[in-house]
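What follows is a single chain, given as structure tokens, in the form predicted on its own.
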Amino acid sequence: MLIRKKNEIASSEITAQSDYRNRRAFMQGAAAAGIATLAGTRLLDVAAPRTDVHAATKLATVPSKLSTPGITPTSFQDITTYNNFYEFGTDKSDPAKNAWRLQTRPWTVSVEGEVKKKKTFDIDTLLKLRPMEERIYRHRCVEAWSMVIPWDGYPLAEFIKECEPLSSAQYVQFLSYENLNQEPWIKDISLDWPYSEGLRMDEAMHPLTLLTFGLYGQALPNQDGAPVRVVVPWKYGFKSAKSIVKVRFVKKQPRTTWNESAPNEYGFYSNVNPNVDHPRWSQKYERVIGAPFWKARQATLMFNGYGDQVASLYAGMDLRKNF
């Protein structure tokens, strides 16, 4: 999804959370009644005017049982204007201003390493690989701020099965897009590009780990990692690699960008843990973006609140050492 070059999007063009929920309820009822998809799309356009050319790409999704219950999603405006995406600048507002440069078509994701056969997937093939679902997840940044985001995608495990990894594959590495013409800010930031992240294979195969193509029912905005990213909700946000172009299955723990740059600050695992502070700030509390001031400061939850589902992955591990 391309972003206007203007610094701001008119507030009248931002999808309100209430409109989004009403649209979702309507579309679910419409599907049950057998109303044509085309008619539904036109009604959606009336309810939420398109903000740019790629907003026309609506994603057909169903609600997921893995969504976090009882939490209200952060507004579309906050999710798309307060971002970490250093390929497009270091200020939180920079990606929304600059990521329009990213060309998301054509786009392919190559697969290599410990696999039965090297493969390349076109982004449109990936979009059709499995049915899409909406998952409302907490999103926690290592800088102690958080959001709640309705992501659209399907389990990363489904994609991994298509890749046919060998039994020797113990980790999976994700490499992001690198192009100085579209991402000139790269040259000003002292990191080893392209951006690299990785997961242990059991983490990557966990049902909560999402291969993600959209949010709020439409294609991912560029500044949020278009056209495809991973989302690992129990880890700090930098573990959820954006704009992926290559996936490698490897025997040994892969290099990851922030762990390589500052290993005392960014561990390979980077599970959300209020008991392990960043060297420069506490992780015991977080600031909720968009929340009223009396709710903005909240206690950080172990594993970002997903402990019941993922704590068993780390049984017997020293989580202060393996941070």
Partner chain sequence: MKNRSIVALKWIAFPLSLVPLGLLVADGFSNALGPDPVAEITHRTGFLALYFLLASLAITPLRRLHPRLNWLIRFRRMLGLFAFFYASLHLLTWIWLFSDFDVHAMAHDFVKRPFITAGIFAWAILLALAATSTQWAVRKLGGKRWQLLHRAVYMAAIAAVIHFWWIVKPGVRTPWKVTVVLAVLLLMRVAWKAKEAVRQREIRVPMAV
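Just so you know, these numbers come straight off a predicted model, no measurement behind them. Numbering follows the first chain given and starts at 1.
The same protein also has a form predicted together with its partner chain, omitted here; what follows describes it.
Here is the short version: of 81, 173, 209, 98, the single residue with a heavy atom within 4.5 Å of its partner chain in the model of the complex is 81. Residue 66 falls outside the set of residues with a heavy atom inside 4.5 Å of its partner chain in the model of the complex.
Mapping the unseen interface onto this chain, residue 107 falls outside it, with no heavy atom inside 4.5 Å of its partner chain in the model of the complex. With a 4.5 Å cutoff on heavy atoms, residue 145 counts as touching its partner chain in the model of the complex.
Mapping the unseen interface onto this chain, residue 190 counts among the residues with a heavy atom inside 4.5 Å of its partner chain in the model of the complex. Contacts between stretch 207-236 and its partner chain, counted in the model of the complex as any heavy atom lying within 4.5 Å, involve no residue at all.
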